[in-house]
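Shown below, as structure tokens, is a lone chain in the form predicted on its own; questions about how it binds or moves come after it.
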Amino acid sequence: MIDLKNADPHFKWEIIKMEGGEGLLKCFGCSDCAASCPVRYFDERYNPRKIIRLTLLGMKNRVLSSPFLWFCAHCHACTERCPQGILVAEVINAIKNYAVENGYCPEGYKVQLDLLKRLGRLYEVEDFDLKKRQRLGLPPIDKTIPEVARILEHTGILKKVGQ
């Protein structure tokens, strides 16, 4: 049951303004996107049609706080099967971008951003790795890449997710 008392009638219009969100209103809920989704095959809780439907109804908090929003693998099977020609994966991406801009971000992404900020990569390069690279004749690499932190600071993404 969907309680529309807390619906935000402007939510869908905010998503449509986002890059990739332009096709949101074309969706008539046929479920072809959900039927072709490999993520849905493994986890029934992920449903692109339901995410789009809730967005159209203005269920802003429910959509943005859902952990299932982040399950999309961007395989574009949904887009290929959509009879309306909606770029479904792009619409989901627009909703995710809106979520991040409004402070909604899964903890796992925050951890990844922290690693990128500190190390410039998603894993730490140990001395063992550097020695192994040297033995294999590979060029040396730096343990950290400080330019990545500067890029993250410049984009403002760290502030948006509360880091």
Partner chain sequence: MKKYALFLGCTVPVRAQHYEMSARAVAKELAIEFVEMAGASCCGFPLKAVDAETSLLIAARNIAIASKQNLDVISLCNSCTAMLSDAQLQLKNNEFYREFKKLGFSYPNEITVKHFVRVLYEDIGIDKLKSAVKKRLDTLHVIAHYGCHYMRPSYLYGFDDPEIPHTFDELVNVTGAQSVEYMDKKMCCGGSVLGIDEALAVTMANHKLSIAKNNGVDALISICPFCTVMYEDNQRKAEEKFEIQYNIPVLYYPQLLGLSFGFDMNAVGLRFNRVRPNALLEKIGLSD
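Numbering follows the first chain given and starts at 1. Being a predicted model, the structure only gives us computed values, none of them experimental.
FYI, the form predicted in complex with the partner chain isn't displayed, but the following is about it.
- Although the partner is absent here, D127 lies well away from the partner chain in the model of the complex, with no heavy atom inside 4.5 Å.
- Residue contact check for L113: one or more of its heavy atoms lie within 4.5 Å of the partner chain in the model of the complex.
- The shortest heavy atom separation between P9 and the partner chain in the model of the complex exceeds 4.5 Å.
- The closest non-hydrogen atom of V100 lies within 4.5 Å of the partner chain in the model of the complex.
- Residues of 112-142 placing a heavy atom within 4.5 Å of the partner chain in the model of the complex, in sequence order: Q112, L113, L116, G120, R121, L122, Y123, E124, V125, D129, K132, R133, L136, L138, P139, I141, D142.
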